[in-house]
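Here's a solo chain for you in structure tokens, the form predicted on its own.
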Amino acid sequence: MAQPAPTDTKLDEKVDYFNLPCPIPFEELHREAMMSLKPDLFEGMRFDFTKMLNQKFSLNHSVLMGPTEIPSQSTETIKIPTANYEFGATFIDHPRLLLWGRILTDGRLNARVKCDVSENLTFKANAQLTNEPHMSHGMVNFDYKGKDYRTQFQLGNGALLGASYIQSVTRNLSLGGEVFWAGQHRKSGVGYAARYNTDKWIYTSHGSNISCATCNPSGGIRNGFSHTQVASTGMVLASYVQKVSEKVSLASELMCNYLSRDVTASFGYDYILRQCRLRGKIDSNGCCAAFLEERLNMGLNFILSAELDHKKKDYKFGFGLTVGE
């Protein structure tokens, strides 16, 4: 008697909408792609030294010597030699409190605070102070983490207000949106995002529509409709990350302005070896970059950075050492 043909008796797993995972924050939707496509590139020589005073407090010393690009009307890149020393301190009371500060010899000061007020509410503050007028910035964030959603409220200088919300729709799919208003520059914007992730790959899409009132040459916004010009610009950003293995990841990104028709495509990789980590990218503008971190010994890392922009004929190379964990 002939045996019956085998049938697949596996039923599709139903979605439990009352037990969905909490999504990642809206501002970190592209974090996996950024690890490959946005490495910490630099030019010149860099030396970082971190000294742990105790389990919670550490001091950081950093020296960077290399050229700095200055704005120019010509197409050629103009660079001047510079050198900066940076002193920093970090206090971490894991997992509730983080205090981080850096000050440079040119007068720039960066500070960051992160405090978990409760299990669901987190307070964040960022500040950047400079000697240049109108170039200092500050922002305060309130993040609320729900069971299957996250929401954030932002308040910054220049009458900046922003809010974002992201919700898990299924175990793999999350949808979100954001809105902001910059009162000083009369700009407002709305953004939408979708993220789908599995154990092997991640896809993220992000689009925004920004409307703004243009400024006059003196830098102020004129009163009255006869002195303003309303414009609308839109940006669409899509990224895809494929986890080939636990040590190898491939990433791609497509950035498109659907009004100006500007499109940039990027491809990157992240390769973790036993003693080093190699990251790199290449984009459609003819720019390719690579970043290598090699562990020479416990607490001692050697860094190599390279970026080649064939279109602008701009080539950047850097090397450095990192001492301390």
Partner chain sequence: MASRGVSLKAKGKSSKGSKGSEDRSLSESLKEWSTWAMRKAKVITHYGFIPLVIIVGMNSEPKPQLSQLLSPGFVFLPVCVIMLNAVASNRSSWRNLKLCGDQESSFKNECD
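Keep in mind it's a predicted model, so treat the numbers as computed, not measured. Numbering follows the first chain given and starts at 1.
The discussion below concerns the form predicted together with its partner chain, not included here.
- The listed set T170, S245, N131, N120 contains one residue whose heavy atoms approach its partner chain in the predicted complex to within 4.5 Å, identified as N131.
- Between its partner chain and the residues G177, G101, G189, G207, the one pair within 4.5 Å by heavy atoms in the predicted complex involves G101.
- Contact between N297 and its partner chain in the predicted complex is not found at the 4.5 Å heavy atom cutoff.
- The shortest heavy atom separation between G107 and its partner chain in the predicted complex is within 4.5 Å.
- Contact check for F91: a heavy atom falls within 4.5 Å of its partner chain in the predicted complex.
- Residue contact with its partner chain in the predicted complex: R31 places no heavy atom within 4.5 Å of it.
- Listed stretches are 251 to 259, 107 to 115, 161 to 169, 194 to 202; the contact stretch with its partner chain in the predicted complex is 107 to 115, by a heavy atom cutoff of 4.5 Å.
- Contacts of stretch 77 to 100 with its partner chain in the predicted complex, defined by any heavy atom lying within 4.5 Å, are made by I78, I80, T82, A83, N84, Y85, F87, A89, T90, F91, L99, W100, listed in sequence order.
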